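We begin with a single chain expressed as structure tokens, specifically the form predicted alone.
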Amino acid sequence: MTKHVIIAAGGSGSRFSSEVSKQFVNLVGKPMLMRTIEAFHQSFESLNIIVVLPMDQIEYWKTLCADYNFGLEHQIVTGGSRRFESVKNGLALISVQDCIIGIHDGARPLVTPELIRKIFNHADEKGTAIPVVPVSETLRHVSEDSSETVNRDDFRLVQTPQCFKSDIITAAFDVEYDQSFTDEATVVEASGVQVSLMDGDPINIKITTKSDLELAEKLLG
């Protein structure tokens, strides 16, 4: 069964006080998006990689690839105004009927080939695969005029890549956007399919702030 991954790379650099979008921020010698792509190239011998970028960032990305002599094969598609539309544009490039499709955050460059393989294999067996990690800190539910502690054992942090058999993910995305769609798992669940959770990796962090970037540098260093 063929394998594909859609890397959604549409973040901004505002939280970094950066002039470039966060997926292009340097992480130990190269843009973090390159590190993300490398992890997927190392995971399987044959994996179709689709990178979704805003229209106004595609030429800049091509310039970076030339500057860093980055030649790992990948397709580029223009993103939409929301993640939902961006993923939908990526799905449109996949013509294979029977395959496994993963969707990953471009700003998760610490994902390992080992974790990628586990998630794709889980989806091959179960139809869906959503990596999660336990919550380690105390949680409180806050309402308008009060708050209360909740049992953190009842919650999980969701990661990517989220993987699905192609018939499940393509059917789920054949709808109009709804504000309840916060990730691919919520889109699939809205179609009536129950998703299968599996162990993620605490190292597989999403880089959204300067402190996240500093942590990633230490983990790589």
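This is a predicted model, so every value here is computed, not measured. Here, rigid core means the biggest group of C-alpha atoms that superpose within 1.5 Å across both forms. One rule holds for the numbers: they count along the sequence shown, beginning at 1.
Form predicted in complex with a further copy of the same chain: not shown, discussed below.
In the model of the complex, a further copy of the same chain lies within 4.5 Å of some heavy atom of residue 194. Using a 4.5 Å cutoff between non-hydrogen atoms, residue 93 does not count as a contact of a further copy of the same chain in the model of the complex. Though the partner is left out of this view, residue 152 does reach within 4.5 Å of a further copy of the same chain in the model of the complex, counting heavy atoms only. For the chain shown alone, residue 156 is a contact residue for a further copy of the same chain in the model of the complex, at least one non-hydrogen atom being within 4.5 angstroms. With the partner left out here, a further copy of the same chain still marks one of 69 to 77, 132 to 140, 94 to 102, 119 to 127 in the model of the complex; by a 4.5 Å heavy atom cut-off that stretch is 132 to 140. For residue 142, a C-alpha deviation of 2 angstroms or more is recorded between this form and the one not shown after rigid-core alignment.
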